[in-house]
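For reference, the chain that follows is the form predicted on its own, supplied as structure tokens.
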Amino acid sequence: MKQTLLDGLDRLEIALPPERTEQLLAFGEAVLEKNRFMNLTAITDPAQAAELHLLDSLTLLKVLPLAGKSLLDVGTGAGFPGVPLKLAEPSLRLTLLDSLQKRMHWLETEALPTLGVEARFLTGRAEDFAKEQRERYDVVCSRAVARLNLLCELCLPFVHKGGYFLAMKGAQAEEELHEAAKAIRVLGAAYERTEEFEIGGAVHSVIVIHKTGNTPLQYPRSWARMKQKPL
């Protein structure tokens, strides 16, 4: 895990103090250890975990300057990408959101306290928090949660005007972006660019969406309604 992480940081041209690298490794190892007892990830190989979880998360540092920003990670799962970003950039004000209580409890009571990391935790569905957390965040990110047209409706209501939504996608990024064009426009945002990174021998994309206006108050709708009639 360590050599894969160090090689990947060099490849991405991300320079971190040794203590931050060690914290990233400690978190990666904690995820794999907990995964023996709780379903956190399908990845069990340490080198693959470094590549596909830690380094993949850290690509967002190359997309936007995150120092001092407030960031919401929607559907964080085992803490990716939010926790690695916080470990690499401690000034980041991190909020993690996920509907799976067991995972969130582990992050809040075990994993992050052991690392000395502070974060806020929202346990529940994104659409249920949209009213109280509306347009509060500089950056919202999400990885492997839903197709982009649905993801935009879940995430863009949390972004303040002038902020950014970063959607982490794989091989179908361009297709999903085309499918989501109406949603992006209706929700008060504009597509800015796509950044591509080679991670684990495959191209991983970060779709950068700029919040140029305010999201109409009727969004997000219920998840059932979103799936039944996507924007």
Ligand code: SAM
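Given the structure is predicted, the values throughout are model-derived calculations rather than measurements. Don't overthink the numbering: it's just position in the shown sequence, from 1.
The following text describes the form predicted in complex with S-adenosylmethionine, which does not appear among the structures shown.
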item	value
Non-hydrogen atom within 4.5 angstroms of S-adenosylmethionine in the model of the complex for each of G75, L100 and R143	yes
Proximity to S-adenosylmethionine in the model of the complex (heavy atom, within 4.5 Å), stretch among 87-95, 131-139, 108-116, 144-152	144-152
4.5 Å heavy atom contact, R120 to S-adenosylmethionine in the model of the complex	no
Partner contact for A126 in the model of the complex: S-adenosylmethionine, 4.5 angstroms, heavy atom	yes
Within 18-54, the residues that have a heavy atom no more than 4.5 Å from S-adenosylmethionine in the model of the complex	H53
